[in-house]
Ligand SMILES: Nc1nc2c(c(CN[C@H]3C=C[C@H](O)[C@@H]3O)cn2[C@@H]2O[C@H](COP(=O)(O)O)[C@@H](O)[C@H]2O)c(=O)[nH]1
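Take a look at this one chain, the form predicted on its own, written out in structure tokens.
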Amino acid sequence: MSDDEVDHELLDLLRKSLGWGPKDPNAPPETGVLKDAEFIYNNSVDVALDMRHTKVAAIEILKQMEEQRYSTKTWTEHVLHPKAKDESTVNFIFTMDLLNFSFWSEKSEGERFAVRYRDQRWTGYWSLVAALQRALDEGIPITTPSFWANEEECTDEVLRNIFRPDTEEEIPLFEERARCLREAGQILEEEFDSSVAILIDDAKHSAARLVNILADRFPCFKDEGKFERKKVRFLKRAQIFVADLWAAFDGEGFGQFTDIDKITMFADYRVPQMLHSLGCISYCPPLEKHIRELKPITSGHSWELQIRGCSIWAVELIRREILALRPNSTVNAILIDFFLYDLAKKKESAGEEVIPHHRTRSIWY
């Protein structure tokens, strides 16, 4: 080959290394979430990670998870989560994660949105689960996709009754939740024969592929932003749908995924709060002051993207540290996220002082 000739093989390798050109159709599916989180961490100026505290947190988390025998079975042990290993649970989880966003309130504990179910008052995420279970008990097919797409049956009046509160505050972002239901019902009807099971089957047991299907086909699952002029993906609710399936079915049947470890932590507002209390994550003074004063952060703001991206990367570092301590451990980002969320709720119930969670009102988390 002369000096003037182009080495096409070398050029092709260079293009692939830089992410240029068409993707390899035979390559394993990737969500891009972890890669984007690392990019955010590397370019973050307002949020930082403490490697020493991350290592300490990993040791403590591993210890507590081993003592509690924390596993996928912990998910089904909660009284409100469905127990059946069938398609009804698949539909329940899809409905739950379709609407699993924005439960924080500016009102006091006794005044915030809550649902009364089985002689108990439920708040936050559990208020949603309780409302769905209550609706099913009352004979309303709230977890049936064809019901959402039926404008005559699934009216605002019916939905307001389903989410009726035990307080004067209605569920946050009611209109957005109604829109998500109807939009998803229409897409499932047109593309998946109104079946969540068919949607899952299309993923061929790949967690990453299922996340991508949700993000590509359903606008309300397309949780993305732009940071430093680069598109970044978080896909919180798409990922948690996969994680909930995996946990509910204990990694079998509808919950069987060959690449479950590609799922990251679910970038919300509770887990970053817990990571801060553990010393793993810290904020620049203006951001910390903003959060402590309970001031809202606009969805898509650089502060919000840094909090979410750095939280994903912090949990990834904790996961790696746990694997360094226990090479044969089955702990992954999903279980660490579940554990930290439960820990945050326990601290809240006990009245232990931690930094307030950041306040961003959106459908993404």
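Because the structure is a prediction, the values reported are computed rather than measured. In this text, residue numbers run from 1 along the sequence as written.
Although it is not shown, the form predicted in complex with the ligand is what the next lines describe.
Participant: For the three residues Trp126, Lys236 and Phe338, verify that every one has a non-hydrogen atom within 4.5 Å of the ligand in the model of the complex; reply yes or no.
Facilitator: Yes: Trp126, Lys236 and Phe338 each sit within 4.5 Å of the ligand in the model of the complex.
Participant: Please identify the residue among His276, Arg270, Arg209, Lys262 with any heavy atom within 4.5 Å of the ligand in the model of the complex.
Facilitator: Looking at His276, Arg270, Arg209, Lys262 one by one, just Arg270 meets the 4.5 Å heavy-atom criterion.
Participant: Out of Phe94, Trp246, Phe218, Trp75, which one falls within 4.5 Å of the ligand in the model of the complex, going by heavy atoms?
Facilitator: None of the other options qualify; the answer is Trp75.
Participant: Exactly one stretch in 84-92, 238-246, 289-297, 179-187 has heavy atoms within 4.5 Å of the ligand in the model of the complex; which is it?
Facilitator: Looking at the other structure, the answer is 238-246.
Participant: Report yes if any heavy atom of Phe103 sits within 4.5 Å of a heavy atom of the ligand in the model of the complex; otherwise report no.
Facilitator: Phe103: contacts the ligand in the model of the complex.
Participant: Test of understanding: in the model of the complex, would Tyr70 fall inside 4.5 Å of the ligand by heavy atoms?
Facilitator: Answer yes; at least one heavy atom of Tyr70 falls within 4.5 Å of the ligand in the model of the complex.
Participant: Looking in the model of the complex, any heavy atom of Lys345 within 4.5 Å of the ligand?
Facilitator: It does: once the ligand is placed as it appears in the model of the complex, Lys345 has a heavy atom within 4.5 Å of it.
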